[in-house]
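Below you will find one chain, with nothing else, as structure tokens; this is the form predicted alone, and questions on how it binds or moves follow later.
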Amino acid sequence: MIDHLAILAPGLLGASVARAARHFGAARRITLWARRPEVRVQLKSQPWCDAVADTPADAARQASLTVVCAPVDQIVALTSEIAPALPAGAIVTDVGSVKGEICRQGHKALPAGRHFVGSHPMAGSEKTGWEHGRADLFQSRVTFVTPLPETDPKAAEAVAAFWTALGSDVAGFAPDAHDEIVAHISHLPQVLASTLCASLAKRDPKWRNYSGGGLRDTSRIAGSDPKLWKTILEQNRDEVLRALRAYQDELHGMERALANRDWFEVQAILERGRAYREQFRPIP
């Protein structure tokens, strides 16, 4: 059990961390900090929150574990801001969907005896805001924990144990390996869903009213926050470009097969896709 848990900038993920920590008894005390004063007022009345701090440093001052839930381009800045206030032995983690530079810069930002260990729960939603947080959001979902070679092993173990306590299945990878993986399994699907809808938006808008479940299922994540995803794509640009180029090769293969009336190849592509889809983990 974490003695004192601090959560900075709680949106969907941060509020879910707090709710889950309270539900599963993973923290004795939970302190939150939100950037907007009106949100801090709203959070004070939540039963899964023991205190709301006025500044990030105040929230983290006595915390044994601080979870930074800000957008990926703000995580290092917040980590640097709280660094002087952290008690000896404190651990800082995050929930950002890009890890390489965040882990390297986060590690550098902390003084000796304080530890940064990157995390990324694969448990988001197209919804945003703390009011959508759920105690079961991480249940049976994968959370990446991404220590650097120089990361203190006990700190990495503590972060992994925390996510396990919230019901998550922990997967350990180096930060750069994580970024390659999520470029293909998370960032590429977002780009495909968004560009599909952007393309269809150029057609007759009434067409959407005739669609069945296929378009809704395929395009669900196109409803995600564009500003948030613009930042993620900026941070993981190189890996996303590699994933896009590999996907373009596959798409061009389908285009060639159709153009050449190579129905054997068309079916082969469809069968490879179905075989991959059928091996997904069961939905929790």
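Note that the structure is predicted; figures quoted are calculated from it, not measured. Residue numbers run from 1 along the displayed sequence.
Keep in mind the form predicted together with another copy of the chain is missing from the figure; the text below concerns it.
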Inset, instruction - Look up in the model of the complex whether P226 has a non-hydrogen atom within 4.5 angstroms of another copy of the chain, and give yes or no. - result: yes
Legend entry - Non-hydrogen atom contact A135 with another copy of the chain in the model of the complex at 4.5 angstroms: no
Inset, instruction - Evaluate R203 for contact with another copy of the chain in the model of the complex, applying a 4.5 angstroms cut-off between non-hydrogen atoms, and reply yes or no. - result: yes
Legend entry - Contact flag, P111 vs another copy of the chain in the model of the complex, heavy atom cut 4.5 Å: no
Legend entry - Per-stretch contact check against another copy of the chain in the model of the complex, the hit in 43-51, 30-38, 59-67, 239-247 (non-hydrogen atom, 4.5 angstroms): 239-247
Legend entry - Those residues of 177-207 which, in the model of the complex, come within 4.5 Å of another copy of the chain by heavy atom: E180, I181, H184, I185, L188, P189, V191, L192, S194, T195, L196, C197, A198, S199, L200, A201, K202, R203, P205, W207
